[in-house]
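We begin with a single chain expressed as C-alpha cells, specifically the form predicted on its own.
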C-alpha cells in the first residue's frame, strides 16, 4: 500500500483505476484537469503544458507509484496534422509523463517505487490516420525502456501495460471516426484493466512484470 499518482484519472480507464487503487488500500492523488470531482485528492495541472507541471504539483514527498493513463488520440492523416496537434499529442502522451517522473523520482527512489505507463494495444504500429497517437506511444515505450535501465540501481520498477480494446467512451469515439463497429461486450472492461494494474503494483519483492499485454479472454 502506498501513495499513487494517477494521470488521466477522469477518463474511462483512469476512473476505474482510481476506484481499484482506493479499494486496495492505496492513497491516490489524481493529476490533471478537472480532477476535483473524483473524490480523492487532486492536483490541477495542464498536461498539454509540461513546463507548467512543476509549479502545479509542488513538493510531492514520498511517492510509491506513478501511473500515467492520460492520453489524447486525434485522428488525421499526416497531410492534415498541423504542428499544434503534434505538439499537444506529444506533450500529453509523453512529455508530461517524463516531467512527472522527473518530479516524482526522489520519492520513488526512496520508496523503491513503481512507474507504470499505459500504452497502446499490443503490437500497434503504422496505423493510417493515427500517426501522432501511434508515434507518441512508440516514444512512451522508449521512455519506459530507458527509465527502467537508468533507475534499476535505485530499485525503481518500470512497467509498460499494453491494453487491447477497452470499453471506454474514447474508444467509441475512435471507432466511430474510423468507421469501425464498437461492441463493448468484445472489449476489456475498464474495471478489469484497473485490477490488472493493481496486480502489477502488488508484485513480490524479487520480480515484477516489465511489460504486460492485456487482451480480452477467448469467448
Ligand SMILES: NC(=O)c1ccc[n+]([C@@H]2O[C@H](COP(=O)([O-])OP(=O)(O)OC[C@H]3O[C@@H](n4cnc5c(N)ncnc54)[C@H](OP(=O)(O)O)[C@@H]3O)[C@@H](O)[C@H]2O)c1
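Bear in mind that the values here come from a model prediction, so they are computed numbers and not experimental data. Numbering follows the first chain given and starts at 1.
The next section is about a form of this same protein that is not shown, the form predicted together with the ligand.
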Report whether all of 5, 20 and 199 sit within 4.5 Å of the ligand in the model of the complex, measuring from non-hydrogen atoms.
no
| 4.5 Å heavy atom contact, residue 166 to the ligand in the model of the complex | yes
Q. Quick one: is residue 177 in contact with the ligand in the model of the complex, heavy atoms, 4.5 Å cut-off?
A. no
- Message: I'd like to check something about residue 120: if you look in the model of the complex, is any of its heavy atoms closer than or equal to 4.5 Å to a heavy atom of the ligand?
- Response: yes
Requested in this report: Classify residue 101 as contacting or not contacting the ligand in the model of the complex by the rule of any non-hydrogen atom within 4.5 angstroms, answering yes or no.
Outcome: no
Note: the ligand not shown here; in the model of the complex, the stretch from 77-85, 132-140, 145-153, 107-115 having heavy atoms within 4.5 Å of it is 132-140
From 194, 47, 28, 158: within 4.5 Å of the ligand in the model of the complex by heavy atoms is 47
Of the residues spanning 80-109, the ones with some heavy atom within 4.5 Å of the ligand in the model of the complex are 92
